[in-house]
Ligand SMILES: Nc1ncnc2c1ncn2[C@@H]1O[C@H](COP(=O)(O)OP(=O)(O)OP(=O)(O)O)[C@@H](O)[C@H]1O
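Below you'll find only one chain, the form predicted alone, shown as structure tokens.
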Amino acid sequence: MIHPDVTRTTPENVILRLDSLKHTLVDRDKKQCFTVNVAKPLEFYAGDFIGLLGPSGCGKTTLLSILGLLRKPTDLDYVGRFELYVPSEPKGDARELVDIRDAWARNDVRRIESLRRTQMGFALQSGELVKSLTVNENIQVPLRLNGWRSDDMRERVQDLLGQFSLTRHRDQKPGASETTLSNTLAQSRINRLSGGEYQRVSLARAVSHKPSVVFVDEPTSALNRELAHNALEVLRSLQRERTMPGITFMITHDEELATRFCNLIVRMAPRRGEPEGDVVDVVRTECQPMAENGLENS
């Protein structure tokens, strides 16, 4: 059941708010720069699944890195309100405001790092899975960093392995019983995964610690259409079907995926003849959750 407050655009349901932004990337070796502009207020609400669309080179990944607290805006004078609403402590049954702009202004790196660790989840194209760890261990990383109890951690990981169909046995021969098979996918090293399996492990790890905001960059490029749909439906459900629903940002070039899954579309475009990119359109759609659908193996 979807939480009753999900996708209602009311003040108490705001998760992330950014009024304006100007951020400049500088390549000193090439003596080039590129500026990302947000001239219109952006507000994202509990349960939102946001599609970030636009041509390559318009600043999508840069904007994502700022919203994800991976990068500090170059000039805070151009930043309006930059606010994040996170579950309150200790019960987490209400939200409290964190002024991100103020934290950056005070250079409160410890606070920013804490928010990034506890409230953000990432599944980016560069691939952050640890090759020396197993699938199981990779999904556990955010949980260990956030001090989850061992029993809770095992239960959460097992649930995610099932949700993303990462429980099957590798190299299973016809007629072999499960009790004789020890080489499960969950116990495999990352370098043994297919591209589709790698992406699903990345998604499972991104949501494992129940973050307020999840960022995914082209999360289904190695999946066929059916598997892509199923993986995104699992991701969206995990973020929405919680006592305190979170939000998800998805960078994609796939208009069909955005139309099918995103209830909010943010479009970016480069300025003609200038080294700048702008948020040019923000549209809230009528996209509704799809029926539950399990993942098949790939």
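The shown structure was predicted, so the numbers you read here are calculated from the model rather than taken from an experiment. Just count from 1 along the sequence shown to find any residue number.
Just so it is clear, the following notes concern the form predicted in complex with this ligand, a form of the same protein that is not shown.
- Highlighted residues Leu161, Ser194 and Tyr198: none comes within 4.5 Å of this ligand in the predicted bound form, counting any heavy atom.
- Contact with this ligand in the predicted bound form, defined as a heavy atom within 4.5 Å, holds for exactly one of Cys58, Ala258, Leu67, Ala231, namely Cys58.
- With the partner omitted here, the residue from Ser237, Asn263, Thr62, Asn37 that has a non-hydrogen atom within 4.5 angstroms of this ligand in the predicted bound form is Thr62.
- Remark: Gln125 counts among the residues lining this ligand in the predicted bound form, judged by a heavy atom distance of 4.5 Å or less.
- Within this chain, His253 lines the site of this ligand in the predicted bound form, having a heavy atom no more than 4.5 Å away.
- Taking the partner from elsewhere, Leu25 is found to have a heavy atom lying within 4.5 Å of this ligand in the predicted bound form.
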